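Single chain ahead, written as structure tokens, the form predicted on its own.
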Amino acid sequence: MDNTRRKFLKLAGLTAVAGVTVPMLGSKALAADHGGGHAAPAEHGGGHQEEAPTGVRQGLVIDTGKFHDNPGLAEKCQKVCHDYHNVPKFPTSKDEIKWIWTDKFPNVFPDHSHYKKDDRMSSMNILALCNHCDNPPCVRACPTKATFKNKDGVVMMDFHRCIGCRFCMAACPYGARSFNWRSPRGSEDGHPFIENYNPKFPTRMRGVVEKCSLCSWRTKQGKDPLCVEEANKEVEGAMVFGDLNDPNSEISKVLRNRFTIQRKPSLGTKPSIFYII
């Protein structure tokens, strides 16, 4: 990190600390945005109706049962995503970079009851990614606007603006962001961290944060995100993508007819990723 960037980082730490403490305080602080002492649960995750935001709000529905019944499907989704976006594979787990990954139910949904959970649910590997929240604490925490919400409601990253302060990582309650402690463009023992470099997507540098972008470069062309396309090639309806605010969209129809849950809805972040359980 050069001197200019180091000085800016120190200045950002002083000026932004007040703004960062809010998302780091958790549900009580987030509840203040809703005008009360308790966080307002999001629709499909609590007892209150979520206020409908205006404009386009892109989101996903993931059918966990279809992924469970088709072993290897989640890994294929991860591979197509990571290969296209030049996500590096570092040899140590502490350096791991992930845009989309799998984890067990108790880790993905720690706020749901795990008591006497059936064997099927306990053995499930749940697909996880950035929740592209409608009320994202990471955006409020970033001192340089490196992370922002685009016009389609997708939480994005500008790698050039990122100064590596990691305030967004501390603010994100879902662990959906990764930090490049090492240069993704490097190698170890002759093995490059990016196995099959894709010139169509920019590589990152050491000292920046990265995460899922919901394939905004594809959705602008009217296409589904890569993970959705890959999943539905093998199992129709495994993932559904669309505009949550369009009552006639496929995703809205699915949400009206199927029971879904979200990750930590009580925090008031309003996740745009829903799970059919």
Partner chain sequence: MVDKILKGNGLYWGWLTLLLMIMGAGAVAYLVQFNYGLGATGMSRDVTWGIYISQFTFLVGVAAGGLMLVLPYYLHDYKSFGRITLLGEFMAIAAVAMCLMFIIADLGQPMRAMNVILHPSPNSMLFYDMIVLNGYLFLNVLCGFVVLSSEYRGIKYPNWVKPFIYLSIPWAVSIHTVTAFLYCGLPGRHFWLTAVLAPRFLASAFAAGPALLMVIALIMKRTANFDVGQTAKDKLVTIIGYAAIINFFLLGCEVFVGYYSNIPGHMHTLDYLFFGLVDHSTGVMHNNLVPFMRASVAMGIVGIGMLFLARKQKSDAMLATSCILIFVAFWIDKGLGLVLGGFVPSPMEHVVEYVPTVVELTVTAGVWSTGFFILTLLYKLVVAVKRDSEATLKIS
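Positions refer to the first chain, counted from 1. Just so you know, these numbers come straight off a predicted model, no measurement behind them.
Just so you know, the form predicted together with its partner chain exists too; it's not on screen, but the next bit is about it.
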Handout entry: in the predicted bound form, the residue from Cys172, Leu73, Met124, Cys81 that sits within 4.5 Å of its partner chain by heavy atoms
Key = Cys172
Practice task
Could you spot which one of Lys117, Lys89, Arg206, His112 gets a heavy atom to within 4.5 Å of its partner chain in the predicted bound form?
Solution key: Arg206
Handout entry: Residue contact check: His191 to its partner chain in the predicted bound form, 4.5 Å heavy atom
Key = no
Exercise for the section: Report yes if any heavy atom of Pro143 sits within 4.5 Å of a heavy atom of its partner chain in the predicted bound form; otherwise report no. Expected result: yes
Exercise for the section: Taking its partner chain as it sits in the predicted bound form, which residues of 126-162 have a non-hydrogen atom within 4.5 Å of it? Please list them. Expected result: Ala128, Pro137, Val139, Arg140, Ala141, Cys142, Pro143, Thr144, Lys145, Phe159, His160, Arg161, Cys162
